[in-house]
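Quick setup: one chain, the form predicted alone, written in structure tokens, and binding and motion questions come after.
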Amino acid sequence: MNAKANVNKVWKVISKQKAVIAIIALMVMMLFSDTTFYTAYNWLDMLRSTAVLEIVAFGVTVAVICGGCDLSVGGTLCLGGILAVMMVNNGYPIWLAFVVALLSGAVVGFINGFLVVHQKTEPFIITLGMGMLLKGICQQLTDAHPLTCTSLDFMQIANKKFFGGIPSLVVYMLILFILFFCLLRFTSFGRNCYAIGGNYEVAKYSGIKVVPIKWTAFVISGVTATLAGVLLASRMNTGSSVYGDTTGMLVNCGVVIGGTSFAGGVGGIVESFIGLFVIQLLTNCMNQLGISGYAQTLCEGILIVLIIGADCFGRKLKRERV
């Protein structure tokens, strides 16, 4: 009886996370394929490939939990990488290039927060427009040409390995995962973010400083996006205006797939990590099976629609039962 109850409890937890079901289904499917899917190298490569998007997603998750969204992260990522490469190429120390890039992300997040939180505008439209604006700035800075970095030390930041073979990007991602998890779960700031996303007016009248906290969430999103942009530029040894073209939509979709609702107050870092990872896992599976790029885009779209649709349907049934 206890065993059956435990199984039912585990299934109830898993069924709430549709992305986990997708991951299990993909892993079972790959058991019957003659590929290198189940190798340590492949899994480390998957984690390295998704690390940049995961880092962006950690910051976006904070904004989404507060009841917002940030579609400007693609342009912010692009700007951070270009600024860092330009400064390093001009002889400035790498640490200063990082600081300037992160400050640029903070400025973008500050402006987004001012328009969305202080001026009460629609975050979807504002951040989408900001992303387009930043893309235009990046094209002007680079004359729409890639900027190759001349510093080997800068390239090594995202391309070296730790602990006998773990890519540095994976290590950075895991460190930030722990930091953001602790921020949301074990600090008053994190608890206030959930309260604001759950019910903005109730949080406001209960004494929570809703404006500065939600504003800060957008600043955090901007800073993490530029950090990811610098790491991407280091990995590719290039800053380019084409980086991040689909990052905004992909990251926000991944966050929602994982279970962090755009309505706010629901989700977390673990959920966002799973949501982005399921997209990377699907891509890896299709690459292993030799599926064409056009078909991959179709399959990714189908997966996103199915998971979000199933989640919405489940929430509807739950409301009807109540």
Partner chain sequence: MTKTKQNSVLEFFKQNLVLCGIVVLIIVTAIAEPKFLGAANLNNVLRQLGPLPFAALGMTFVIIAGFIDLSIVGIISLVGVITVGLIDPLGQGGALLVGILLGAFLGWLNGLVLTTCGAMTQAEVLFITYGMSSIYMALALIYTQSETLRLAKSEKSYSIFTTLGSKNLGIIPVVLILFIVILVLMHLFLRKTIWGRAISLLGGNKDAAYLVGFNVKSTMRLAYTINGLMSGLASIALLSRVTTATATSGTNYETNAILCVVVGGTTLKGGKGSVLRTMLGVVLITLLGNCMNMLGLSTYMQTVMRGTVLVVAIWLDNRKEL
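Only a predicted model underlies this, so the values are computations on that prediction, with no experimental measurement involved. Numbering follows the first chain given and starts at 1.
What comes next is about the form predicted together with the partner chain, which is not displayed.
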**Message:** Can you tell me whether Y41 touches the partner chain? I mean in the model of the complex, with a 4.5 angstroms heavy atom cut-off.
**Reply:** no
**Request:** Report yes if any heavy atom of C312 sits within 4.5 Å of a heavy atom of the partner chain in the model of the complex; otherwise report no.
**Result:** yes
**Request:** Determine whether any heavy atom of V20 comes within 4.5 Å of a heavy atom of the partner chain in the model of the complex, and answer yes or no.
**Result:** no
**Asked** Within a 4.5 Å heavy atom cut-off, is A144 in contact with the partner chain in the model of the complex?
**Response** yes
**Prompt:** Hey, with the partner chain in the model of the complex, do L47, Y200 and V270 all fall inside the 4.5 Å heavy atom range?
**Reply:** no
**Fill in**
The stretch from 217 to 225, 245 to 253, 92 to 100, 160 to 168 that lies within 4.5 Å of the partner chain in the model of the complex, judged by heavy atoms, is 245 to 253
**Request:** Using heavy atoms only and a 4.5 Å cut-off, determine which of L183, L133, V107, M236 is in contact with the partner chain in the model of the complex.
**Result:** L133
**Request:** May I ask you to choose, among L176, M87, L128, M155, the residue with a heavy atom within 4.5 Å of the partner chain in the model of the complex?
**Result:** L128
**Request:** Can you tell me which bits of 113 to 127 touch the partner chain in the model of the complex, meaning any heavy atom within 4.5 Å?
**Result:** F114, L115, Q119, K120, T121, E122, F124, I125, I126
